[in-house]
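Here we start with a single chain on its own, the form predicted on its own, put down as structure tokens.
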């Protein structure tokens, strides 16, 4: 089994906020991330697919084609957006990095060609914080 990873980048704003809690409770739990005026991140998304190399191309999957899929179904929807209000697949969800990576997985897995298997997503919110998701 061979794994290939494509890295893409997007910028987005959000706030961590549970609408069923008071402002004080949100600030207690989420701190600065509950800022009413939002805050932003420069996200790096690592998309890993797996399979056996095609004998005709040597590729598990064409990395340029993978980039196009990620752009169409993920980064075009997220880049320079407010995740809380402009992203349909995050509607009614707390915009944590955990919920974001799950939403990205769902976007990709339903639009991935049948000849490739989505293996893992790694989403960096900062240099010090990232999540991994295996579906």
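Positions refer to the first chain, counted from 1. Please read these numbers as outputs of a predicted model, since none were measured by experiment.
FYI, the form predicted together with a further copy of the same chain isn't displayed, but the following is about it.
Tell me, yes or no, whether residue 126 is in contact with a further copy of the same chain in the model of the complex, where a contact means a heavy atom of each within 4.5 Å.
Yes, residue 126 lies within 4.5 Å of a further copy of the same chain in the model of the complex.
Heavy atom of residue 89 within 4.5 Å of a further copy of the same chain in the model of the complex = So residue 89 does not count as contacting a further copy of the same chain.
- Message: I'd like to know whether residue 110 contacts a further copy of the same chain in the model of the complex, with contact meaning heavy atoms within 4.5 angstroms.
- Response: Contact with a further copy of the same chain, no.
Is residue 98 a contact residue for a further copy of the same chain in the model of the complex, using a 4.5 Å heavy atom cut-off? Yes - in the model of the complex, heavy atoms of residue 98 and a further copy of the same chain come within 4.5 Å of each other.
Exercise. Which residues in 1-27 have a heavy atom within 4.5 Å of a further copy of the same chain in the model of the complex?
Worked result: If the 4.5 Å heavy-atom criterion is applied to a further copy of the same chain in the model of the complex, 1-27 yields 1, 2, 3, 4, 5, 6, 7, 8, 9, 11, 12, 13, 16, 18, 21.
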